[in-house]
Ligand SMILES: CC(C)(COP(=O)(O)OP(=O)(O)OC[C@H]1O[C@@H](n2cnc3c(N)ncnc32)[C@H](O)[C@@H]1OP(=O)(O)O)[C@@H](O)C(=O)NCCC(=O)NCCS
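Given next, in structure tokens, is a single chain: the form predicted on its own.
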């Protein structure tokens, strides 16, 4: 009997998730249109993400991407909603096809490019700038994450970094320098552990 109740609860949970996902996706498609975000086909949203696009800048998202902004969609726990922000009029965010994001904060003043088939784990922070330029201004440096990359939860990717194709970045890493293709890297600062 207990097994039956567990199956019913799991089924109800999945139905609830589908309804929330459909409503959030409808709302977020409208929000992307309002903010001038170019959103590809079949992208899905669970929860309400934060978008701020500076006039003149561009945010382009490919097909079949998924954005999770609530812990109902990621049981590892999400500290905040997905946040995409451009800060200057010439900034550009480009996201490829078939990517997944959970509570990711992405701030851009020059260029952040993410390739196809990338998984970006819970609470990852990606930025091409140092904040608080009123205290100490430093130049912006573009960030690129190439196709097939998997970024673990709570990773911080700093400006000027390129992460190679099919690379895995371990949880809680701080990526301060570029990482090559086809490796597993982790740590603070992040360094290559082994070939993939």
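Positions refer to the first chain, counted from 1. Keep in mind it's a predicted model, so treat the numbers as computed, not measured.
Omitted from view is the form predicted in complex with the ligand, to which the following refers.
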Item checked: Of 32, 153, 161, 156, the one that lies within 4.5 Å of the ligand in the model of the complex (heavy atoms) -> 153
Notebook entry, point to check: Since exactly one of 62, 142, 148, 170 fits, which has a heavy atom within 4.5 Å of the ligand in the model of the complex?
Noted result: 170
Checklist line | Contact of residue 187 with the ligand in the model of the complex (heavy atom, 4.5 Å) | finding: yes
Check: Within a 4.5 Å heavy atom cut-off, is residue 112 in contact with the ligand in the model of the complex?
Finding: no
Next item on the list: Report whether the minimum heavy atom distance between residue 80 and the ligand in the model of the complex is within 4.5 Å.
Entry: no
Next item on the list: Give a yes or no for residue 121: in the model of the complex, does one of its heavy atoms lie within 4.5 Å of a heavy atom belonging to the ligand?
Entry: yes
Check: For the chain seen here without its partner, which of 22 to 30, 39 to 47, 62 to 70, 162 to 170 has a heavy atom within 4.5 Å of the ligand in the model of the complex?
Finding: 162 to 170
